[in-house]
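This document starts with one chain, in the form predicted alone, laid out as structure tokens.
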Amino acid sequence: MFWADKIAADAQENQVVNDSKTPSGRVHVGSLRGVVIHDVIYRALKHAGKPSKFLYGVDDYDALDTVPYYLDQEKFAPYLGFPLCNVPSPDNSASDYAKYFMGEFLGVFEYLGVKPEVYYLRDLYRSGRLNSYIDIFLKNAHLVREAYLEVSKARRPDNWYPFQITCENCGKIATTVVSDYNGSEVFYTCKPDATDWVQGCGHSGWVSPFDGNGKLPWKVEWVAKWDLLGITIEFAGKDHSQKGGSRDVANAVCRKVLRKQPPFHSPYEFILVNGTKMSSSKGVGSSAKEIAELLPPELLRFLMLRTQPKTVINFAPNYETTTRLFRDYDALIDKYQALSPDVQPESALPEDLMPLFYAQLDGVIKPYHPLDLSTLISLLQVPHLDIRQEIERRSTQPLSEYDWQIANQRISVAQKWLADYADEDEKLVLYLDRVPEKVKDLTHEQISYLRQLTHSLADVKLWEAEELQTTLFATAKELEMQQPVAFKSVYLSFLGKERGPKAGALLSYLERDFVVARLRDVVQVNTSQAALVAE
């Protein structure tokens, strides 16, 4: 059984699924993993007939702790330590910093068909909905301190209280420490040495902690949200889920102070970019918005779902990773089309097709005639080629309106990838008007291969990628030549470099007469050069 369906099958009635995010900067694609995981749990619950809600919290009372590299450092540095909702927006499109970056992220939600009920922490605090929890945790500060010590070995002073006031003097929330509570007000100090990245102003005094004047530490705030909103399921990333980590501390606070069981939880792994964990504020990795502009929504959902939640996804929008993603998706579409018509998504899909099912925005798998993305990327780089005519020519069956919808979508993906992500050595620069200079470096053995290839290619019956690839291999074998050495001569003859797309596919993009003529020209150039050297 697919992991989300198992959770749904084991769940009781009336489930509330929750996820949240601190909008500290441009939200990276790694944050979408939690979004899609929770969305799929919610969909699985609905599919199983279990009444459920999906909530998404915006932790906009957290402090700005880093100015992202892509923002004006001089403008935003004075706001370090401020609640994110009190930091100005980078432009006039939003009321504040948190709404600006969250707005971009929520646009990706809509693109992916993710429709949670969104709430902002500023509203929970300022409306007073968290007041009773603030009071409970302040009155039971000793139990919170015990939980920190027992679970994470973090010892808090006896006069430490789980709350941070927004300083009335300087506006910072990251630098304030509460040391007393009299039942209606807390005593706090805005400490100059509270953090190593921003200084407090030194102000101190008594103030009410209620109605938005400050916030609970996020591990304690987590617990307050669980109880206030009735949350029953919330996963967390591996960093928060390690033994003695944030989730364990929150669980202990929930049991010790509220005497309640925390929500069902399971950790999920990171999305890495070339082995590096992504960061919103440090700009490591591609933003969710950028990847959504590259990948169709079903493919972006599939990226998150084809791997079990506890397995790392190592993603980078390079040629191999991107084209493989599309090939894997198409392979499942083919498998789905091969099923009996009696097998419907609502009943008996095999487990390996469930990532495909949950990748659909509307829960309906709509088959199509697959079109290989790597082929499109190459075809788009062939000058004077009508891409749609070429797609039609290569298709093994008439294309439906939906087939063309997918084809046009993939043309856009290929164009976007070439424009924004392709390295120079991944681009296909065809020498159509002249023989590349580098063919002069070909060996005698490679020239013999190309000479024989002109005869072999003239006899090919079907000018298409697989048959051409077979001919290239067969000719190398006939001459007892190593295949990589032989294929380099083909790439050098047409691209002026030693690597390229699948060689048979490359030749299939070109007219037979042109290919044979070019190979003869290359042989002639080297024969003439050899003659000159001999003289």
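So that the term is clear: the rigid core is the largest set of C-alpha atoms that superpose within 1.5 Å between two forms. A residue's number is simply how far along the shown sequence it sits, counting from 1. These numbers come from a predicted model, not from an experiment.
One more form of this protein, predicted in complex with the RNA, exists but is not displayed; see below.
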{"property": "His47, Glu117 and Pro297 all contacting the RNA in the predicted complex, non-hydrogen atom within 4.5 Å", "result": "no"}
{"property": "4.5 Å heavy atom contact, Phe76 and the RNA in the predicted complex", "result": "no"}
{"property": "The RNA contact at Cys201 in the predicted complex, heavy atom, 4.5 Å", "result": "no"}
{"property": "Contact test in the predicted complex: Thr66 vs the RNA, heavy atoms, 4.5 Å", "result": "no"}
{"property": "4.5 angstroms heavy atom contact with the RNA in the predicted complex for Lys502", "result": "yes"}
{"property": "Position in contact with the RNA when the complex is considered in the predicted complex, options Gln360, Asn140, Ser374, Asn318, heavy atoms within 4.5 Å", "result": "Ser374"}
{"property": "Among the candidates Arg324, Lys289, Arg451, His265, the residue which, in the predicted complex, approaches the RNA to within 4.5 Å (heavy atoms)", "result": "Arg324"}
{"property": "Which of 235-243, 221-229, 183-191, 90-98 sits within 4.5 Å of the RNA in the predicted complex, heavy atom basis", "result": "235-243"}
{"property": "Cα displacement of Leu495 between the shown form and the other one reaching 2 Å, rigid core superposed", "result": "yes"}
{"property": "Rigid core superposition, Thr66 Cα moves 2 angstroms or more between the shown form and the other one", "result": "no"}
{"property": "Ala465 C-alpha relocation of at least 2 Å between the shown form and the other one, rigid core basis", "result": "yes"}
{"property": "Pairwise C-alpha change, Arg499 versus Ala407, in the predicted complex against this form - closer or farther, 3 angstroms or more", "result": "closer"}
